[in-house]
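A single chain comes next, written as structure tokens; it is the form predicted on its own.
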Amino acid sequence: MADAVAGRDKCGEPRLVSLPLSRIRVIMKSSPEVSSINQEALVLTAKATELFVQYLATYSYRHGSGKERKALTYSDLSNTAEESETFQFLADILPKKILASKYLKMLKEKRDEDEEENDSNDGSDGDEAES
């Protein structure tokens, strides 16, 4: 079964999947619930992964700015993860890129807000204790 279509192995034989099965096996075995992996399950997982990645790339290309540039970029993928309900679960894995300076500015603003909030809470606690 593992030698059917889509790609060629080292001997030039056609293969069912393009992803390396050994890597997929390692990833699957990294889960504590998995003790053994059936060869058919391994091949099916690899094929499903390939189809998912292909669908994500195609969708991102069609709905992103890739058509104009004839290229798929990270920002196309991250926009898809953010905007498409189907790929929403990838939003944490494919976040939008921001400049380090912008990120540091956001962190500083958050710290300032937290400090102001803590200061206002500390001030109101003291007033209640005096009453």
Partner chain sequence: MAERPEDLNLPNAVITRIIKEALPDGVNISKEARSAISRAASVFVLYATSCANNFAMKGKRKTLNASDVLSAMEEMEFQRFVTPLKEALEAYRREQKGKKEASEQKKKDKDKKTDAEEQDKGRDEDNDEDEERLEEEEQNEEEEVDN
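A quick note: this is a predicted structure, and the numbers were derived from the prediction, not measured. Residue numbers count along the first chain shown, from 1.
Here the subject shifts to the form predicted together with the partner chain, a form of this protein not shown in this document.
- In the predicted complex, Arg23 approaches the partner chain with a heavy atom inside 4.5 Å.
- The partner chain is not shown here, but in the predicted complex it comes within 4.5 Å of a heavy atom of Glu40.
- Residue contact check for Phe52: one or more of its heavy atoms lie within 4.5 Å of the partner chain in the predicted complex.
- Of the heavy atoms in Ser30, some are within 4.5 Å of the partner chain in the predicted complex.
- Scanning 79 to 95 for heavy atoms within 4.5 Å of the partner chain in the predicted complex gives Thr86, Phe87, Phe89, Leu90, Ile93, Leu94 in sequence order.
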